[in-house]
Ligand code: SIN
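The data below hold one chain only, encoded as structure tokens and taken in the form predicted on its own.
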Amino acid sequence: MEVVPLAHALGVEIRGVDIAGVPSDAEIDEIRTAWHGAHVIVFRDVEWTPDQHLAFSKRFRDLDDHAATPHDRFDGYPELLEVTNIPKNGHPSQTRNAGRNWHSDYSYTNRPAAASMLYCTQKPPVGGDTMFCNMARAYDDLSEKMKGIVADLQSVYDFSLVSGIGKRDPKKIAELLKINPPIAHPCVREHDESGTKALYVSERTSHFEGMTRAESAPLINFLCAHATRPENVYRHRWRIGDLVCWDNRTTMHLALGDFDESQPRHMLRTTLRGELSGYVVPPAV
């Protein structure tokens, strides 16, 4: 197995292991170690079926069945989430503009995603990149005074702040808002496997519990800008057959809309189920 760095802040490509087959336990352990260190891992030229995708993902953790976003499931596979701009049943896909603000997956639920594994089956000729930032490094780079401030804060995540929902089916969005009320999580998240501390705040954070939106906004804006500085980011340029895996406990990501949307883009994602966390709170003032 070869581990090749992709950027200074985070990200490695893993070569020399057949993930479409049945990797050994030792290989899975090596992959997990590399993943914890680099936060984002990439496998190139993967050719596999949905069942193989599921089998590999389950080697790391139980999978989410995507009940929080039921309309986005891949047909026949509730543990696969479909991210595409290809129309479904004659209607625009609900994920055609997904992920276009900085976020970590399922932060608006009481089981925020531990990790995600996204497989590219179709892509436009250019563009459609995804950017990742290192939230553990962002936390480490804070002053001790600021670390003390954020340690006492609860980030409130609001599904209504998911980018692009105003262009989606209003009935489906109303259902999703009911399924996913605003929920608070610690602003500093401790990785339940590695113990690494990382910031847990994003552009989907409406406010900090006990504070108004106006009071919270300057600090949310600062923390997001601090985390997404260019030197703290890896930009992935997709190829068909890429499997990109990121740790939602230590990263945020942003899907760029910098492509011709008349060109098909299709990806399938497994979501590694996170620990129960957080509590429902009233909407912000």
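Keep in mind that what you see is a predicted model, and the values were worked out from it rather than measured. In this text, residue numbers run from 1 along the sequence as written.
Keep in mind the form predicted together with the ligand is missing from the figure; the text below concerns it.
Exactly one of the stretches 72 to 80, 99 to 107, 151 to 159, 166 to 174 approaches the ligand in the predicted complex with heavy atoms within 4.5 Å, and it is 99 to 107. Of the heavy atoms in His66, none are within 4.5 Å of the ligand in the predicted complex. For Asn85, no non-hydrogen atom is located within 4.5 Å of the ligand in the predicted complex, even though that partner is not displayed.
At a distance threshold of 4.5 angstroms between non-hydrogen atoms, His253 is in contact with the ligand in the predicted complex. The closest non-hydrogen atom of Ala138 lies beyond 4.5 Å of the ligand in the predicted complex.
Contact with the ligand in the predicted complex, judged by any heavy atom within 4.5 Å, is made by just one of Val188, Ile183, Leu118, Ala114: Leu118.
Proximity to the ligand in the predicted complex, defined as a heavy atom within 4.5 Å, holds among Thr196, Ser202, Thr130, Gln94 only for Thr130. Of the residues in 235 to 273, those that come within 4.5 Å of the ligand in the predicted complex through at least one heavy atom are, in sequence order, Trp238, Trp246, His253, Ala255, Arg265, Arg269.
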